[in-house]
Structures are given as C-alpha cells and as structure tokens.
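Have a look below at one chain only, the form predicted on its own, in structure tokens format.
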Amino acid sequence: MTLKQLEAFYWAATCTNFAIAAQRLNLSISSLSKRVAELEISLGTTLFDRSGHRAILTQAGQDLLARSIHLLDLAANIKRSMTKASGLSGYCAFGVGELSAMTWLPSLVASARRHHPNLHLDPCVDVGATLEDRLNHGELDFAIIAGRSSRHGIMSQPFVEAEFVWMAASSLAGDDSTCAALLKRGVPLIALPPLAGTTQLIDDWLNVNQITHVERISCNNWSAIVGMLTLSVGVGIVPSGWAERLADKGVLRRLADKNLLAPLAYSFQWRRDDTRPLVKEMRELVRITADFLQAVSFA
C-alpha cells in the first residue's frame, strides 16, 4: 500500500466518477484505475462495486475512506513541516462568482502565488448554483458563493458581505423616480440569471415592495448589465463600490427607495470530509483578501 494508491482511492471515492478523479490528480483514467486495483490487491479486498453503471464503494471501501483521509492528512502535515518555507504545492481548483472575479480575485491569486509559489491555481468563474454543484461532485476544492449551502456534505463559513444599490440612467430615472415606481410602470429589470446569488436578494426586495410582476432581462455579465443600464434599457442593482464611481462620473443615477436592499453574505464552501491543509490555508487567504469594495476590473 502506497500514499499514491491511497490518494487515488480517496479521489475516486469522493468524486462523481473516475474521470473527474483522474483529472484532479492529472492522471489518465487507466492510471487511476490501476492504482486503485493495486490497492485492492494489496489489501486483499474489493473497495468498489463495479457491476453497475458507476463504481460505488463497498463496505470495505467505506471503512477505508475515513482512515485514508486521516493518513493523507498526516502525510500532508509531515510534508509541510519538513518543507515549510515552500508552502503548499500541487493543484488547486476553486470557484468564484463574476463579482468576486471583477474585484478581489486578482489579489487572492497574487497573494497565493507569493505564499505558495509551488501551488498551481485554476480559478473557475460561474454562477453560485453551478459552482456548488461542481464542488459537490469533487471538481473543485472550494468555492466562494453567496449564502450558505443546504447540502449536508458541504460546509459553509460566511466571511464577507457585498452591498448593492438600485441604479438607472438619468434619462430614465428622472429627478425623483424610485425603483419601485419605475418597475411598477413596466420598466424592465436587468439582472443576473436566476441561479445567481443576487436573485433571492432581488426577489425579497420585490416582495417587500409588493411588486408581483416585472419584465426581466437576464444577463450573466456585470459589465453588460451596466452597459444596458447606461443605455436606459431598464433598472438594476449594482455593487455599491462600483455604483459610487458610476454616480460620480454621471454615468448612472442611484435610485432612492425607502426599502433598501439587504446585504448579500458570501461564504467559503468546502466539502465536509476535506480536511487537507490546502483548504485551511486558502480559507485564511480568502478571509484576509476578499473585499467587494476593491476597484472593479475593466470598469
């Protein structure tokens, strides 16, 4: 039994399929399968039931999984203690939403490169629901997503909030128009797609203001949303830091409403059984780096 065999078994057991597990280890599927088979021979037991459409853990495999996590953690800690100066190494795939990518993601990557020069980073930008699904399937090591996860297998640690304000072009807003009045008049709402974290935020605000029907224009890009707002296509929410700069330049006008949007809490999410130093170290880097008030890239 070797650590490489245990590592192959761990990823095969915790990912949706062997293809994803092999990708996480930068191996071919055949190489991954060979390591798992060699481990089974070494232990004299079958770890996966391969009779169905996908391999599932046997009872022996389930028993080994908890022990393998402990052994791999121990090996990682020993390695780190002996090579402390070089920091983390290997491959790290993680996910963020577009607003994070536009603000603090570059700072996070730069900080991670300084502290962990041997760690290869692979950030993915997508909507929260997609990132959570990929995290659950083992494709990502962690993700920064609006809100908490409802899945038992995923841990969530809130760490930062983002604030948003309603905005529109001056030609559309007039001198004293409120967002509620414009929406009730039939002006379109321009927002991220339904699976985005801001959707619930907007829906809660609409409910408070007793607005039951709006025309929605969905777009998965913040810059495109702001572009449509500036051309008087409709009204929408904009991150507060960006909103201040747009208002100062006279590009958009902030809409005054008696009911403010609630802040949107973002959380660091990771799989419950993943106790690797990688997760702990990156969680701390995210905590001290994440700031939605940083200058918006390409704004």
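This is a predicted model, so every value here is computed, not measured. A residue's number is simply how far along the shown sequence it sits, counting from 1.
What follows is about the form predicted in complex with the DNA, which we do not show.
> Hey, with the DNA in the predicted complex, do 18, 50 and 53 all fall inside the 4.5 Å heavy atom range?
Replying inline: Yes, all three are in contact.
>> Just to confirm, with a 4.5 Å cut-off on non-hydrogen atoms, which of 33, 240, 58, 267 contacts the DNA in the predicted complex?
In response: None of the others qualify; the residue that does is 33.
> Among 46, 232, 62, 28, which has at least one heavy atom within 4.5 Å of the DNA in the predicted complex?
Replying inline: In short, 28.
>> How about residue 38 - does it come within 4.5 Å of the DNA in the predicted complex, if we only consider non-hydrogen atoms?
In response: Looking in the predicted complex, residue contacts with the DNA include residue 38, since a heavy atom lies within 4.5 Å.
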